[in-house]
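First, one chain by itself: the form predicted on its own, in structure tokens.
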């Protein structure tokens, strides 16, 4: 079984957010970027749904900072571009959600 790095660039209100959560498994990983960073805001419904998927969760620092949500995040690993590259090396298959 091959694990997948899911990159979610869609807001929690989008269909792509729901589709991603239906497809992801605990063996995969999820990186939030673009509008996807809003899902990582602590105590939100979207955050609770993300945590329930069981996969490791990451957020791109530059996008979270630009969206102004960086101080509102908890229990998620924040990565820079080097961390993003490391994730792509660790997870050979990727699936982008927009």
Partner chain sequence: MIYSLLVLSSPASGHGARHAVQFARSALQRGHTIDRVFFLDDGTFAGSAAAVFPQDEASPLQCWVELSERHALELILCVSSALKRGLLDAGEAQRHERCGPTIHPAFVISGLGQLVDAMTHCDRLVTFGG
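Numbering follows the first chain given and starts at 1. All figures in this text were calculated on a predicted structure; none of them were measured in a lab.
One more form of this protein exists, namely the form predicted together with the partner chain; it is left out here, but the text below deals with it.
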Is residue 63 one of the residues lying within 4.5 Å of the partner chain in the predicted complex, judged by heavy atom distances? yes
Would residue 3 count as touching the partner chain in the predicted complex under a 4.5 Å heavy atom rule? no
Would residue 28 sit within 4.5 Å of the partner chain in the predicted complex, counting heavy atoms only? no
Partner proximity in the predicted complex: residue 75 to the partner chain, non-hydrogen atom cutoff 4.5 Å: no
Which residues from 63-98 come close to the partner chain in the predicted complex, meaning a heavy atom within 4.5 Å? 63, 81, 82, 84, 85, 86, 88, 89, 91, 92, 94, 96, 98
